[in-house]
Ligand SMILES: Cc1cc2nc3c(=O)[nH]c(=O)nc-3n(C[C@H](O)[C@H](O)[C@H](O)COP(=O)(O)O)c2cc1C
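Consider the single chain below, provided in structure tokens and representing the form predicted on its own.
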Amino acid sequence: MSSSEIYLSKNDTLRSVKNRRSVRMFLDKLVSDDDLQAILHAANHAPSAHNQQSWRFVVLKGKKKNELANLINAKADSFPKPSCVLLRLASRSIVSAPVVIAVANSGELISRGTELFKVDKDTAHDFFRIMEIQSSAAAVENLLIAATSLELSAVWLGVLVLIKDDILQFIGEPAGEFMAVIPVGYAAKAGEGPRKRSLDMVVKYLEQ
């Protein structure tokens, strides 16, 4: 049995990690409230720096979801063609999905930590800014894996960082260092997913 097969045989969590895909188009099928709450709970159980849990989850459906897509389309025209195309594709994913979850930093860890940490303020600010980003990124990964475990699909629309402040203003969150938008639903088409590099290419062992 190969190491990959052993990995998949271990448990359902590891299979969900392996099976996660970035899906950009969805069926016209609602996500149940129970499943939505389950993936939000999973996101909220992510590790966070100093256990500050300085993240916010904003759920968009219906009219508000479509208004977000319209905002993205309106902003897309101000970017060069490659970025414009990607932004418009992101807006299509948002319209296609029955529910969208936006994730943002609250900034609480940055503001508290910068005052409490007894080092240069610029150094402290950067330190806690990075930790807030790491914490919220961990929450998004929990969300993506939880969705996969429930036979849902999702995608982290990274290109929307180009208009991060506009989106944060739209969802009513303060301008911050982190923003993620994740459409969630049932995949319109199953994908194979990209090939991953072998562990030999990405892992090294340091031993005495």
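Sequential numbering from 1, following the sequence displayed. Each form is matched to the other, and the largest set of C-alpha atoms that superpose within 1.5 Å is called the rigid core. Computed from a predicted structure; not experimentally measured.
Only in words, not in the display: the form predicted in complex with the named molecule, which the text now covers.
4.5 Å heavy atom contact, residue 49 and the named molecule in the model of the complex: Result no; residue 49 lies far from the named molecule in the model of the complex.
4.5 Å heavy atom contact, residue 57 to the named molecule in the model of the complex: The answer is no: residue 57 has no heavy atom within 4.5 Å of the named molecule.
4.5 angstroms heavy atom contact with the named molecule in the model of the complex for residue 159: Residue-level check for residue 159: yes, a contact with the named molecule.
Partner contact for residue 155 in the model of the complex: the named molecule, 4.5 angstroms, heavy atom: Because a heavy atom of residue 155 falls inside 4.5 Å of the named molecule in the model of the complex, the answer is yes.
Contact segment among 22 to 30, 168 to 176, 35 to 43, 65 to 73, judged by heavy atoms lying within 4.5 Å of the named molecule in the model of the complex: Among the candidates, contact is made by 22 to 30.
Shift of residue 26 between the shown form and the other one at or above 2 Å (CA, core fit): Shift of 2 Å or more: no.
Core-aligned C-alpha movement of residue 178 between the shown form and the other one reaching 2 Å: Yes, the C-alpha position differs by at least 2 Å between the shown form and the other one.
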